[in-house]
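Quick setup: one chain, the form predicted on its own, written in structure tokens, and binding and motion questions come after.
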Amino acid sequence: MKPENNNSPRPRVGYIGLGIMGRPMAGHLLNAGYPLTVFNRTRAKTEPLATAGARVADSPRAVAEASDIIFTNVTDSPDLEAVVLGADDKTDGVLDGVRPGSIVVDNSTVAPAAATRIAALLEGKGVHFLDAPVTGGEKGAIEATLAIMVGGEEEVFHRALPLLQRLGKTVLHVGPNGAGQMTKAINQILGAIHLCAMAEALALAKAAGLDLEKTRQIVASGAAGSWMLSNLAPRAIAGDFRPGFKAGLQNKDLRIALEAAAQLGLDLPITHLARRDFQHLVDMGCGDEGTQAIVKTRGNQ
């Protein structure tokens, strides 16, 4: 991690969206000594950070007014637009309170086109934008070992880098605005297909009467190994479907990836199959379970 310049004042930081990922990420910034203002639609989720010393704001606009760098971490493109532009009366969004020269860093997973649209709106007010989605799940957020893929101006990226390095182990600038979200779409395609492969492999092992854990251990140690086999297959085998990342969000991310591919004139047939499986899982009522619940679509549970 690059050392920070202790002779310069720390920027005031805002964080909007304190879900499974956002709350620990905001906590790392607070623990690093950054003055922190937070907002969440469900106010109760702000309480642990407030107890630790964060200020709680009543709106995204109030967060922006109190901050030099504003982080957002919400569910989907419409949620990001509501946070930035304002929800009902259109006067309570980040755009209404942010000052020229400030930076908005979005840690959500949204459509690349939404990222570029938000960037253009903020640029009109002299505000910089970085689309900086993350991967690594709840564990990575808690342990600050996330991988963060960042789109935007490189100079702005370097300004925000000391804060991003508080949140992740691998932080890379991948191109202009929208490139971070496109890279995340690629990540989600790979992760979803690996999960579906894991589900089918475990289904075959079970049908053949093999010991599932021993089978997992041996194949995970060779060329067929993957992060999913090492980290999520043990939970699936144990029947632990608590979410580190929700299946419904994976389904949403695959929709984003397929829409982005279609806009580029590209067909991704295997990704369509993975989306079918995750949609089936959501239709089964398992959208709030972890992505390892994909094994249920193969009759593994």
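Residue numbers here begin at 1 and follow the sequence given. Note that the coordinates shown come from a computational prediction; the quantities given were computed from them, not determined experimentally.
Beyond the structure shown, there is the form predicted together with a small molecule, which is absent from this document and is the topic of what follows.
Checking 170-178, 136-144, 199-207, 116-124 against the small molecule in the predicted bound form, the stretch whose residues place heavy atoms within 4.5 Å of it is 136-144. Taken together, 107, 245 and 252 are fully in contact with the small molecule in the predicted bound form: each brings a heavy atom within 4.5 Å. Under a 4.5 angstroms non-hydrogen atom cutoff, the small molecule in the predicted bound form lacks residue 281 among its neighbouring residues. Mapping the unseen interface onto this chain, residue 19 counts among the residues with a heavy atom inside 4.5 Å of the small molecule in the predicted bound form. When the small molecule is considered in the predicted bound form, residue 94 lies well away from it, no heavy atom lying within 4.5 Å.
A residue is said to contact a partner when one of its heavy atoms sits within 4.5 Å of a partner heavy atom; residue 59 fails this definition for the small molecule in the predicted bound form, lying far away.
This chain appears without its partner; in the predicted bound form, the one residue of 98, 150, 195, 74 with a heavy atom within 4.5 Å of the small molecule is 74.
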